[in-house]
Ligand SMILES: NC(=O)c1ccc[n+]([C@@H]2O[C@H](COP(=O)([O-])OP(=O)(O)OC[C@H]3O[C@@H](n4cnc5c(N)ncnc54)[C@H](O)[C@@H]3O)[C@@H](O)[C@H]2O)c1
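Quick heads-up: it's one chain on its own, the form predicted alone, in structure tokens.
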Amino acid sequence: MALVFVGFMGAGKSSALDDVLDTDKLVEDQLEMPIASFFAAFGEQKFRRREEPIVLRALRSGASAIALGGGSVLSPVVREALCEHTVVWLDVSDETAWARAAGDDRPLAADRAAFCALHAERRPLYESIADAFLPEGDRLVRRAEPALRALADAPAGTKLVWAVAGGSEYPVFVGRGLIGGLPRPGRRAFVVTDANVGALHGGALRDTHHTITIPAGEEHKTLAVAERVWRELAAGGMGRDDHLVALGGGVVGDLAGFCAASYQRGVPIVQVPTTVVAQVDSAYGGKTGVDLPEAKNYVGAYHQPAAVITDVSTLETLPRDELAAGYAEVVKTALIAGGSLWERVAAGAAVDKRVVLDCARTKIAVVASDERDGGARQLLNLGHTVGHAIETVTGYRRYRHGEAVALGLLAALRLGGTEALRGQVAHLFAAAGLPTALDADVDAEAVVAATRLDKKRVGNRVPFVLVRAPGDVVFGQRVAAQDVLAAVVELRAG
């Protein structure tokens, strides 16, 4: 099984590894002329007919790494042959691809507008055949190679996304039956889980040294519980050459991540999310923390994971209300992404491996552009300003996080003036079993007051994230307090 690099012109496929077999060079050797010259003399259709058998021979050659020409995958026969290998999509921006390809006698890189249009046309094809997604072309391949090679031994259908955040990089595996095959970034594994998840999935973990079980529920995401975890780690002799495993949903991931960030000033953590909320959102990006009675996630740190293992089969053990709570984050992410992800979610697609993967890729891409909430990462706060305020006012007990986010998202859509979209989202939420109205006894003014404690406030101004249309979401928006109150009162009225 080879690593087969696919992607557009200028992605750096031929330079991804030192020993890569470059099919474009093989083609030129067979044609006895440059590809550009053959294109000019005989056209693309004839070139593709000559290219196909050469690529197929390369895929049968036993080479450990192969770089395909950008258009090789247009052939259905080549795509079928790729099923025997690990297909790595080296994704690059239009700017990077054009800078590398223009002026290099490439027949399809003569005009920038046509070049970018062709790139956009081919992206869905590369995406559909990829087993691994690398966001910055060849620059990351050497560091990601061990994780890429590990895909050969992973359960069938496992996908890999290479995440980049600030100075950190880590693999994200998405598939089924993955819990038992965790990467080991440290000598011994110390596990943090909750009572519910530990009973269901703790037995699937192998070679763990010590397990710490905390009570389930947001109300236990506190400094007191964090102190208990720190002290158990110390009592168990955990050192900086060991690592933590967070097995559970968002509460476990946030709390264990915070403990890992602060214990001995930082130890590695592997996130193993088991809920929809965690698998589509909270396990990625390195935000960790605990709640205070005054506000949610007020004490925390950025601490990127060493790896994320997203086993979607764990979702089958969730009760319906937990599945519904996670669905709010799916809709939020789809609104941010727009495009095909929103189209599938809007059509009522189930939360399956593909939806989880695309949500994870969306969040990872946003975090890559802004690790610490200085700009674009604030988009991920869509629905959370009012949602967190609802959780705070109700003591973290009445609503699950996803239920509060659903209500907050409806409020944000009202504030953005997107009436039809709000109705569409409310219909999706109701069909999933999420609340679309705030309990009548919740104090609307208290909710508005709690929004002023939002961590992203600047001075006395709380920036809101608003939706203009799916895929067109803006952050840092000014919203008058009376408009926020009106939106919350409307929520309470249903």
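Please read these numbers as outputs of a predicted model, since none were measured by experiment. The numbering used is simple: start at 1 and walk along the sequence shown.
Although not depicted, the form predicted together with the named molecule is the subject of the following passage.
Stretch-level contact analysis of 211-219, 140-148, 71-79, 353-361 against the named molecule in the model of the complex, using heavy atoms and a 4.5 Å limit, identifies 211-219. This chain is displayed alone, yet in the model of the complex one of T333, T385, T310, S282 has a heavy atom within 4.5 Å of the named molecule; that residue is S282. Of the candidates A406, V252, I269, A412, V252 is the one whose heavy atoms come within 4.5 Å of the named molecule in the model of the complex; the others do not. Contact check for T317: a heavy atom falls within 4.5 Å of the named molecule in the model of the complex.
Using a 4.5 angstroms limit between non-hydrogen atoms, V345 is distant from the named molecule in the model of the complex. Interface residue remark: A261 is not counted as part of the site for the named molecule in the model of the complex, having no heavy atom within 4.5 Å. D91 falls outside the set of residues with a heavy atom inside 4.5 Å of the named molecule in the model of the complex. In the model of the complex, K296, N297, T314 are the residues of 296-316 with at least one heavy atom within 4.5 Å of the named molecule, listed from first to last.
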